[in-house]
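Here you get one chain, nothing else, as structure tokens; it is the form predicted alone.
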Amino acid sequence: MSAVSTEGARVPEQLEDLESFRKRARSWIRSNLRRATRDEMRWGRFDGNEEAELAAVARDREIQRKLFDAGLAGICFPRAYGGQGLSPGHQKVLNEELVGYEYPARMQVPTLSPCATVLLEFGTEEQKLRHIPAILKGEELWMQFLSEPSGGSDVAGALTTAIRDGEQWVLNGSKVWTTGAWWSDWGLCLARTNWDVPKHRGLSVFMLPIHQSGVEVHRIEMINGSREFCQEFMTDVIVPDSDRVGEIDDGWTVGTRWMFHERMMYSSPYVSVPDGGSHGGTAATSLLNIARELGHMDDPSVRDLVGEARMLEIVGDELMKRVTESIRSGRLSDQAAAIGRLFKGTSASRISTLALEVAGSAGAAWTDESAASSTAVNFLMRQVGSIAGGTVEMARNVISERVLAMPRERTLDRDVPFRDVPRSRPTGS
């Protein structure tokens, strides 16, 4: 197993200074990327238009390759694997310069983080050389096969089974809530390899091509019309042992870091996301646009709502800076990433509510051109931010037990072999 720093890759002694890097990035972005439209900044809203979504995926791959050729991809990934070997400060500069421009959104999460970062920490040298350059060039899109229909937030309770057969493994089971699996290439999969030990001690991690014999991908339609989430059914899928990531039955060690990167994904130095979030800009700006369009700018109650949204954004940004720096310096363990996850989930839900309150009746009926067009749908979808990427309830548990050192929640299956843990009968049995 090979490990590197999770806050920034090993960097060469001589770094390009930030100002020179900014000028280079700015010049290239303005010369090669288009100004982003509202639709381009909110992927996953294609309402069943598969052709449009596949075209957007292809454009993301194209942009990623352009960034790679320009020396602007994989800013903090080591040069040995196709990265630039630069610092988190350089990544922040790039994120600032990307604001308002198209960028390869589908390449960032979960492809670059957490998937590529997991490979960087736990992959063999051969695995890293085979996959990380391909990821940075836009040739491979990765998804995480983590959640299961029976598990909810209990990731360690995975029922997907991997049975060894010589120098290969045979996988059977199902994964769910996999964003974009239908247009992606590889999956990072957590599977059960030992049923005779407690659940956390019998897991292993594998990587596998998604589009192969034995893997069925079913799409799930959500209330906003998006079909980005998928469920996968694996039947006798063959995975060579060379595609195992980490040690056998030690998948929870990999999984713990995997979930750390997932909680930190939009604050990760490994992703290129316009400063201010995945859409660029700020939610407060969006609320101002709604208020301005509807003529509510002079309403003091509306101004209070916009102010609250901006306050939540500022607090969130400063909180993530402090948590990131504390983890990097060793003042806090990496489990403190749950602090940012909790705040992000709860504040995102509140901001969606604030937007609907600003829009008022215009949030219930609108035209496509209206600034208020997405407020009602976002309100109905507001709990997604508290579930996807690990639930806020799990984040609270992590904070209380692993950050504040409070007594652990009582569990009855802690030292019980997983095959002896009582489970509900499958439907129809």
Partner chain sequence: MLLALSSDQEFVRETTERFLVEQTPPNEVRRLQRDTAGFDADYWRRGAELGWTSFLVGEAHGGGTISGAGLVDLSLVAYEFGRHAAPGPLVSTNVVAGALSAHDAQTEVIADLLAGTGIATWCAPELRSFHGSWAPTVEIRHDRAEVVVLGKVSPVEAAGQAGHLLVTGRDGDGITQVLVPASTAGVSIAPLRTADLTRRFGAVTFDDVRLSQDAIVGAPGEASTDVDLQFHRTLAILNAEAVGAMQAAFDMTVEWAFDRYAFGRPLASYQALKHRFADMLTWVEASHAISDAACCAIDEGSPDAAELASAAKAFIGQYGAEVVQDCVQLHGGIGVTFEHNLHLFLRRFTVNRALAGTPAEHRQRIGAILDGWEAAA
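A quick note: this is a predicted structure, and the numbers were derived from the prediction, not measured. Numbering follows the first chain given and starts at 1.
Form predicted together with the partner chain: not shown, discussed below.
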Item to check | Heavy atom distance at most 4.5 Å to the partner chain in the model of the complex, all of 284, 297 and 310 | outcome: yes
Item to check | Partner-facing stretch of 29-37, 399-407, 381-389, 52-60, counted where any non-hydrogen atom is within 4.5 angstroms of the partner chain in the model of the complex | outcome: 399-407
Next on the checklist: Quick check on this chain: which one of 339, 72, 239, 93 has a heavy atom within 4.5 Å of the partner chain in the model of the complex?
Outcome noted: 339
Checklist outcome for this item: Answer key: of 257, 322, 200, 137, within 4.5 Å of the partner chain in the model of the complex (heavy atoms) is 322
Item to check | Contact test in the model of the complex: residue 156 vs the partner chain, heavy atoms, 4.5 Å | outcome: no
Checklist entry - Does the partner chain come within 4.5 Å of any heavy atom of residue 196 in the model of the complex? => result no
Checklist entry - Can you check whether residue 326 is within 4.5 Å of the partner chain in the model of the complex, heavy atom basis? => result yes
Checklist entry - Just to confirm, residue 343 within 4.5 Å of the partner chain in the model of the complex by heavy atoms? => result yes
